[in-house]
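Below sits a lone chain in structure tokens, taken as the form predicted alone.
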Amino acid sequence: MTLSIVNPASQSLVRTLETHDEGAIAAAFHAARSAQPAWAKRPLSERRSILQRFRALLVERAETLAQTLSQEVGKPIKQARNEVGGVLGRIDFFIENVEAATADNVVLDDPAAKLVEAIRVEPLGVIANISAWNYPYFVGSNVFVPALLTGNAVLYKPSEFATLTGLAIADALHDAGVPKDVFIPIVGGGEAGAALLAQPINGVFFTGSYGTGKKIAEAVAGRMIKVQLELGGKDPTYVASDADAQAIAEGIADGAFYNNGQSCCSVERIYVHESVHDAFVEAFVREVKTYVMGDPLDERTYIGPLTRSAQVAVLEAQVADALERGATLHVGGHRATQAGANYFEPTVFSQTNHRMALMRDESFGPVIGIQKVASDEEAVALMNDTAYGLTAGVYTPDRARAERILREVNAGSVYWNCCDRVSPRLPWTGRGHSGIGSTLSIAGIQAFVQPKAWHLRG
């Protein structure tokens, strides 16, 4: 079978690739299983040096990598460059902290009893990394960099919508010195993913939608392997009564529409206190109207095409539902056929409520709803009225007020006066339909090792 890589901006064919069938994927697993022990036995200093060379190659190849990313997923070129450059800090964090995160821990040293108790860690073995298309460098490196540093072999299936980027990542890792059987890219769609999960892997790390994550969890249930699922969100932000509504509108709009809204941590719901509601909506809409939609390779473009054509219909349905239920449309609301097949106008609604799909279901596109609230308590109740729990934010000059509100919000990451932000020093984790497990931080390194208890007497 073959996989066609199509430019979402022009619908032109970029490249055709042969996919991996079940036999090829089984062979890849056995090659990785054979190669992993030798990789794990290499000194950590060698593995760190190889990942440092990988980092250097990303810098050296940055423009080519950004162009490839922009062509196959439709990410505006400036944002593609930001992603390739932004991943360097994550790699640095993992390289700098892996030794301390995986060091031996002597918990008892009793000379009188001639007893030492220690905890040492070992790699999981061979893991499957089923990655996402919206931020392939970020979400991929969250997994394969610490996995490789800690001695695992990786079967890496990039999204079928970002396969060329995945292959470019594999080339850079191999050129840096990672053995080809230690990091093996798998080309294909859902069938390839299912065949990969059928292998006797030691862990699966997935980034993507709740629906697919649920299927993965069900596929490996009962096998007693490590499962981490980084899934979607319906991330809320609250603008409190004492916020400078006009001053913060630009930043919140960027948090909602950056990468065309195709981020699991994009702002997808905005609640605004009634005392500042009208001023905020006016400033927010004014900012969104400045966004330039066009060719992703044009330096001026801020809004590119949706990567997946099927998502256009999802947004159209949410817009129709919101209008039918009484929402006020301020800008956008339509497929932008004059710009290309997968384009959708940046869209802003006010007077929304939770009867609307726009405020309940993940949009994953340039559409946002703004809802008026009368109190902090109402805002908290609405923010928690969701099956997701990825991020949430509050805008207010009062830190104590913000912390009081955020303590009540069920989310893995919370923000005060910021949004749509990720730090390698902090765990990236979800609740409910937003997933299980953590990437990033020390926890995101230790996710790829397993402890062994040592009882040493003598």
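All values derive from a computational prediction rather than experimental measurement. All residue numbers refer to positions in the sequence shown, first residue = 1.
Although not depicted, the form predicted in complex with nicotinamide-adenine-dinucleotide is the subject of the following passage.
Although nicotinamide-adenine-dinucleotide is omitted here, in the model of the complex all of Gly190, Glu362 and Leu390 have a heavy atom within 4.5 Å of it. Just one of Asn202, Ser159, Thr352, Thr102 comes within 4.5 Å of nicotinamide-adenine-dinucleotide in the model of the complex, counting any heavy atom, and that one is Ser159.
With the partner omitted from this view, the residue of Pro146, Pro236, Gly304, Gly232 that lies near nicotinamide-adenine-dinucleotide in the model of the complex is Gly232 [heavy atom within 4.5 Å].
Heavy atoms within 4.5 Å of nicotinamide-adenine-dinucleotide in the model of the complex belong, among the stretches 194-202, 374-382, 325-333, 285-293, to residues of 194-202.
Put simply, Phe206 is close to nicotinamide-adenine-dinucleotide in the model of the complex: some heavy atom of it is within 4.5 Å.
Not displayed here, nicotinamide-adenine-dinucleotide is approached by Trp133 to within 4.5 Å at the level of heavy atoms in the model of the complex. The closest non-hydrogen atom of Tyr395 lies beyond 4.5 Å of nicotinamide-adenine-dinucleotide in the model of the complex. When contacts are judged by a 4.5 Å heavy atom cut-off, Lys215 counts as touching nicotinamide-adenine-dinucleotide in the model of the complex.
With contact defined as any non-hydrogen atom lying within 4.5 angstroms of nicotinamide-adenine-dinucleotide in the model of the complex, Cys264 is the only contacting residue in 252-290.
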